[in-house]
Structure formats: structure tokens, C-alpha cells
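Just the one chain here, laid out as C-alpha cells, in the form predicted on its own.
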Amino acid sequence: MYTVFVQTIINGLLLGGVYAAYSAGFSLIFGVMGVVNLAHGELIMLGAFTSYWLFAYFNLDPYLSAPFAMILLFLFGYVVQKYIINRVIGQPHIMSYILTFGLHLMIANIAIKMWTQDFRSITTSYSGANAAIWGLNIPLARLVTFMVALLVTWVLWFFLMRTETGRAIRATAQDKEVARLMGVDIRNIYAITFGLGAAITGLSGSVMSPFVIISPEMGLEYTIIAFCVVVLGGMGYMPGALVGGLVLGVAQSLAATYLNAGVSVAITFIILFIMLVICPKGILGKGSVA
């Protein structure tokens, strides 16, 4: 019984690491611009497909292709923000919801036209590999993704706190009018932020590709989970994405083990509802409710 419980907690933490990895970009974009990006899952999909095609044509390991996914998604996110989303910044929030939902539909349907609706997967020598420690099984691919989540959180914190661009991003998030008076190019900072969020999300899709099913229609599920994670951790609070992901992952794992798999899905929305009612600023109380 004890071994089952510990294995369940480990599985939940690794699952939470996956959630945190692809939710960090969502939290960053909302924290700076106040935009709930409903096309977030499509960025994950594009990152996963980048690794898939590089693996299929060049036999490049998904973890080695992750930098390519980051670069491509940064450029994609920068252009989309600068020339499309920037047009609705400052407008009522419903405008950004409609626009990003439109992007979600457009990107998904273009992907279907280009790559069909077929399900794809990347099979490597370590795709199903597990490390056995004290009778516990630890999936190696998920462990790597968990480490990536920790690394992404730390690198983002360092970037935002220790670099000039990071300080400009934080200033814009705190008070864009004052930042503009101090010489900050707000629109360019928004584009850089969205590009950075897209790059992180593309990286997550890339490192998840060895153990997820890849298809053009995979994005919506990830968008919903990312939203739940950042609400739990605190909307716009970067470390909160890691905390929210781990809490949600452990809760789902415990529900799946001691109740049933169907309940684990419902648990996500039950926790979300409770958090929105009791603590809308997230578990750590540092999120935005604007």
C-alpha cells in the first residue's frame, strides 16, 4: 500500500511537471499583456510537429530538436503579436478572446490541410523506458520534461530579474504608461514577450513529443489544462505555473489511483471552481484577478 501511494505521488509530480512546462508561457503572456491566449495549445502542437518532422526526415532526437522549435516559435509568436494581436491591445478583453480563438481555429485547420488529421508519434529507444528505484518506476521521458519545467521556471525568473529586457517587461506589466514615459517601446516589448512565451511553449511541445500523440487537433485540451494550471498557481505569476502544475498533477494521480480515471478529469474542474470562488489569486495568493 505504501509503495502504491509513493508511486502515485511520483506519477503525479511528473505529470505536474509536464503541465507546468507547457503552462509557463501562458502565464507569462497573461502576466504582461493581460491576454488569455486561446491559441496556446496550437503553439504546443507546432512545437511537437517541429520535433516530429525533424525526427522523421533527419532522425534528429526530439530533445536535440527542441532549440529549433524554440527559435521557430519565437519568430512565429513575435510576428503574430506585433502584426495581429497588438491591434486589440487596450481594447475590451473580449476582443483578445475572439482574436486568439480565431487564431486557434485558423492554425489548427491549416495544420490539418498540410498534415492531415492522422495521429503521429515519435518512437525512440527511451520512449517507454523506466528507471527502477526501490521498487518504484520512473518514466525517463517524463522525468526529463519535469527537469525542463524546473529549468524553464528558473531561466525565466533570471531573465526577468537580471536583464534589461526583463526589467522592461516587468515595468510594462506593472504600469505600461510609466514604462512608456521611461522610454520603453511597449509594442515591441509585447511582441518580445509573446515570442518568448511561444518559444517556451514550443520547447514544451518538443520535449513532450516522445510520449504524447501528435495531431493537428491536439491543442484545445492543452489550452484548457494550461488555463486551469495558471489559475491554481496565480494568473500571471510565473512560479505559480510550476506550483499549480504539481498540485493538479498530484490531485489527478491520486484520483485516478484511488477513485477512477474518469473522476481524475472531473477533479481538474472541481479544483478550478473551488479556487475561483475561494482564492482567485491562486494558491500562493500572488496572481492577478484583473
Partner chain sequence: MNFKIDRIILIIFLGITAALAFLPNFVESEYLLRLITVVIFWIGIAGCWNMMSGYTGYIDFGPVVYFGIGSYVVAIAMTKYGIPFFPSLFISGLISGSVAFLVGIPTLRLKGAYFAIATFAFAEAMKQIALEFDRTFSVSFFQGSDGITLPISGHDNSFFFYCVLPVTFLVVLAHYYIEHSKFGYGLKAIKEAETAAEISGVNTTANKLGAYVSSAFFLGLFGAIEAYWITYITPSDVFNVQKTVQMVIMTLLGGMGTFLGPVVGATFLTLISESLGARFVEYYLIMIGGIIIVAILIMPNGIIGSLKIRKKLRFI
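Positions refer to the first chain, counted from 1. As the structure is a prediction and not an experimental result, all values here were calculated from the model.
One more form of this protein, predicted in complex with its partner chain, exists but is not displayed; see below.
Enquirer: Sort through 100-108, 155-163, 184-192, 197-205 and report the only stretch with a non-hydrogen atom within 4.5 Å of its partner chain in the predicted complex.
Expert: It is 100-108 that comes within 4.5 Å of the partner.
Enquirer: I need to confirm a contact call. Of L143, L75, L136, I84, which residue comes within 4.5 Å of its partner chain in the predicted complex, counting heavy atoms only?
Expert: It is I84 that has a heavy atom within 4.5 Å of the partner.
Enquirer: Ok, A69, L248, V231, L28: which has a heavy atom sitting within 4.5 Å of its partner chain in the predicted complex?
Expert: Checked against the cut-off, the match is V231.
Enquirer: Should Y52 be classed as touching its partner chain in the predicted complex when contacts are defined as heavy atoms within 4.5 Å?
Expert: Y52: no contact with its partner chain in the predicted complex.
Enquirer: Taking the shortest heavy atom distance, is L272 within 4.5 Å of its partner chain in the predicted complex?
Expert: Answer yes; at least one heavy atom of L272 falls within 4.5 Å of its partner chain in the predicted complex.
Enquirer: Is L46 part of the interface with its partner chain in the predicted complex - any heavy atom within 4.5 Å?
Expert: Judged by the heavy-atom cut-off of 4.5 Å, L46 is well away from its partner chain in the predicted complex.
Enquirer: Taking its partner chain as it sits in the predicted complex, is Q174 near enough to touch it, meaning that at least one heavy atom pair lies within 4.5 angstroms?
Expert: Although its partner chain is absent here, Q174 would stay clear of it in the predicted complex, with no heavy atoms inside 4.5 Å.
Enquirer: Mind listing which residues of 20-46 have a heavy atom within 4.5 Å of its partner chain in the predicted complex?
Expert: Going through 20-46 in order - heavy atoms within 4.5 Å of its partner chain in the predicted complex - the hits are F30, V36, L38.
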